[in-house]
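One chain follows as structure tokens, the form predicted on its own.
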């Protein structure tokens, strides 16, 4: 056997082994306790063997097969295994909580999470191997379509995460909007500051030192310091309260998040500025190009990919840091995360954390694709 075939067989055997060794559900009397582990054989029932067969077939086709058709079939097998695994988990959870008190919860366990992540990851890999347009987005859309279909059909209603989602649907929507407002508000504030600092040509070294130094300060400490500073300011000038200034809420959160975004935006901006060397500019002027033409035909093509790279880092960083806004009363998805931590409720933590992860991955993928497209459009 070749090494390639051995790797395919090992990959094909990995998920069945995990399903045999790890629990896929935890049955608990309420949302605050871990509960008793439930193995795949008990939770999935008749769904187990179709899941195992398709989960083994997908990696085997991907590694041992050749060409786009084999990769496409592998992806379909993994998506089918993902759908059947979710169906089995939903049906198993419904059977486990049937006849139990309303507070009973059937929570996804480590085996289920690892299996779902593996199947989604292999599906993304097959999309790339099949050379589908926008492979990552195509795979993500396919997985999202499977989840949406199962959710709309009610197949997942018995799972604890779905129960938490139904209970908190209104607050989740508000938290999502607040999170985006914090993210893009801080991003806009940081962009204005870095744009203004760019005009201070002699102080670029000082600016670099200051914005780099901010990164050394722990985020929680910075937010706490801002709350204390604004409280002292309001104590000295109470009239400021009439202008809506408060020591808690979105104000300190926006300032704190924006402070951390200064470094990636500043470095992206500086890299874009330095991408055009003086000789190139002199050549453009010698050809009779106006300042506007130099901007659109030289500076922008050379600097845009570098600036988008800095923006990509800043957006992903902002989405993560906005979680901490909940600590100072600014709302956002961090509210659900910290409520879950305070109540020892893992599903509530996931309800806040999963949208943040999805947003960060979507931002990374979108801006990364834009950066790559700009580099292809204007190679240096």
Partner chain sequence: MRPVPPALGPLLLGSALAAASHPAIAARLGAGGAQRPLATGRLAALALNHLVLAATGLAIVAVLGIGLGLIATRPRFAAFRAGIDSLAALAQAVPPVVVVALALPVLGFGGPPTLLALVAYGIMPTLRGTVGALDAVTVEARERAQALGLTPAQILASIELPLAAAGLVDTLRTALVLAVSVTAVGALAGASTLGTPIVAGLQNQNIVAMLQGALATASLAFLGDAALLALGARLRRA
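Numbering follows the first chain given and starts at 1. Quick caveat, the model's predicted, so the values are computed rather than measured.
A second form of this protein, the form predicted in complex with the partner chain, is not displayed here; the remarks below concern that form.
Proximity to the partner chain in the predicted complex holds for none of 69, 140 and 161, with the criterion being a heavy atom within 4.5 Å. Among the residues 295, 248, 145, 180, the one placing a heavy atom within 4.5 Å of the partner chain in the predicted complex is 248. Among the residues 213, 99, 278, 238, the one placing a heavy atom within 4.5 Å of the partner chain in the predicted complex is 213. Taking the partner from elsewhere, residue 231 is found to have a heavy atom lying within 4.5 Å of the partner chain in the predicted complex. The partner chain in the predicted complex comes within 4.5 Å of no heavy atom belonging to residue 22. Interface residue remark: residue 331 is not counted as part of the site for the partner chain in the predicted complex, having no heavy atom within 4.5 Å. The partner chain in the predicted complex is approached by residue 218, whose closest heavy atom lies within 4.5 angstroms of it. Note on the interface: of 146-154, 220-228, 81-89, 167-175, the segment with non-hydrogen atoms within 4.5 angstroms of the partner chain in the predicted complex is 220-228. Contacts between stretch 305-335 and the partner chain, counted in the predicted complex as any heavy atom lying within 4.5 Å, involve 316, 320, 323, 324, 327, 328, listed in sequence order.
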